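Read the single chain below, which is given as structure tokens and is the form predicted on its own.
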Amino acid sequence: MLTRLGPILAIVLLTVPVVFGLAGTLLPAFGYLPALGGTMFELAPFRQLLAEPAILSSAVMSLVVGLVTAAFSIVSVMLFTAAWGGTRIFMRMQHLISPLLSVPHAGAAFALAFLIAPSGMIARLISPELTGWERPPDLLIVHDPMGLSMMTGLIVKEIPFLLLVTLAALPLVKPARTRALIASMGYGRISGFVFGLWPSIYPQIRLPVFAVIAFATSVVDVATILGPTTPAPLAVRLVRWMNDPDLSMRFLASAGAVLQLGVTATAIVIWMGLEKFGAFLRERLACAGRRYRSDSALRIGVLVVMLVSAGAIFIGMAALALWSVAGLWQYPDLLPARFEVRNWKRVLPNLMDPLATTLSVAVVSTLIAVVIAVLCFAREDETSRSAGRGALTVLYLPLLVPQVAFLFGLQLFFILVGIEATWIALVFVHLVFVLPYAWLSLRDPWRAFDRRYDQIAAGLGQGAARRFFLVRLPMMTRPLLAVAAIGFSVSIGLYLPTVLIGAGRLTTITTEAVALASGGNRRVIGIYAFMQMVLPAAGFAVATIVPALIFRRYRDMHV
């Protein structure tokens, strides 16, 4: 009976907030919000939006960032999998890049900013010997007007995500056997993969690619840290209007949210056109009969791209850690003159409240998400029916719709029912984003469970409930904790849902870190950003250590 609630709860949690949120955005966008005096439908908010200076530039910037980020990330993952799949280097890179998945977007953006800024680690490493710079050069690298640093910050975070979903799809196409068959026909390693395997892999990762486009076109935290400011990307301007003390700006913000929805939809439509062009181009090249055996340069090139993308985050994280304990650190010194904990002592009292909110919301939302995901899969076992494409679309719904497009309306709905800026509302909205990741992460381990253990327990007279709690769940401890760690890291990194639903009264480590971005105090930023990255890492450490301790006396449960 309880398992029947799993799918129902999942569908309600993933669809109702999006539907209500979109409705709550659309109505004010057309002038209807009685609480603020809007009692009739009109187009005045859109006229006001079009009169905003450089609004078209902001929209185009968001569109370009979404497309470039998705294109560069997916092409890098495709070429890297093609060039090095099945090799020892591929395994090592997989282990190197996987931990980056737990790094929040804002944390990765700070790491990159501390690396590439005119006074960052790269400039200090080569100065003054190679550059002659005795002081930071007057270069606009972070917040550059073309958004290059912002796109780079998004790319280094999306590559691990897309690589992970590609790895999950690989076993279904039997890559080793197909690769050997194609190689016997004389094709190069990359061309054989692109012509023979990629057409079967891409449809399985298409929804995650769309999710990347939707996120990149509407991202706020990375755009605030790395993006251009004159004008800022569309989503950043929307958040400013929504938080304006003048409540009439809500109409303008809602109209802007509709424009953001259109920008994301346009990006996805353009991407679908690019998919068709790519398929056409691949067919023409394949039919031309060329084997493209000489691909060594491309293989090395894509390996360098993956190493640089991972190395940028790791070195940037090290820079954050250094700044958090740095005393005097003059340019162009590579290391601080001294280390001290005075910064931590000064910041810790202010850190405790956001830390408590971060941990409590992340733990509770993750726990609920894991329970719902387990109930869904338990119900799947009972009915012997797997979730189809429609269910997957529902799961990706909060990730495919731009956050700003429905969180504005959801915020208004929470105000109407009187739960805005409450801990329960914050847990609820975090749950909307954690649940899809929990379900997707648990799917493969749950379905791979050997049913013969269940059959043996049933043969010993154990009922369904005892088999579930005494056999299935204990043996699933390791993947369940891994899923919990992923959900925990997703919650830690959520910025916009916390800013809008928390309304400034509930803050987390992430919102505080992003708020400090414009302050310029690197030591304080380093502490908050370092904490933001340490928390997910602690979650994964728990997920690794606890099963090792529990199963230390069971050799067959070791990995």
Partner chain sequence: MRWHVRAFFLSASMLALGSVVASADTQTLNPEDWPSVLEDARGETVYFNAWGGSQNINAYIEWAGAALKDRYGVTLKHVKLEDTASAVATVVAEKAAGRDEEGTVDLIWINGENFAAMKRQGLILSPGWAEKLPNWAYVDVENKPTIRTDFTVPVEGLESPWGMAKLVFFYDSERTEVSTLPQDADGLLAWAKENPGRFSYPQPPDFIGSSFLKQVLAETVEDPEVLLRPVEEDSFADVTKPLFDYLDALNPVMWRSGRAYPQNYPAMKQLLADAELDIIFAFNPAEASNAIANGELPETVRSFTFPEGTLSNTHFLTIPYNASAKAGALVTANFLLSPEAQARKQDPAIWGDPTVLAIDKLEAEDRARFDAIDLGVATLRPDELGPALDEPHPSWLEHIETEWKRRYGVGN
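Predicted model only: the values in this text are computed from it and were never measured. Residue numbers count along the first chain shown, from 1.
Note that the form predicted together with the partner chain isn't included here; everything after this is about it.
- Checking 271, 84, 323, 437 for any heavy atom within 4.5 Å of the partner chain in the predicted complex turns up a single hit: 323.
- When the partner chain is considered in the predicted complex, only one residue from 336, 278, 136, 479 comes within 4.5 Å through any heavy atom, namely 136.
- The shortest heavy atom separation between residue 462 and the partner chain in the predicted complex exceeds 4.5 Å.
- Residue 551 falls outside the set of residues with a heavy atom inside 4.5 Å of the partner chain in the predicted complex.
- Proximity of residue 99 to the partner chain in the predicted complex falls outside the 4.5 Å heavy atom cutoff.
- With a 4.5 Å cutoff on heavy atoms, residue 12 counts as touching the partner chain in the predicted complex.
- Heavy atoms within 4.5 Å of the partner chain in the predicted complex map, among the stretches 42 to 50, 61 to 69, 529 to 537, 28 to 36, onto 28 to 36 alone.
- In the predicted complex, the partner chain lies within 4.5 angstroms of at least one heavy atom of each of the following residues of 83 to 122: 118, 119, in sequence order.
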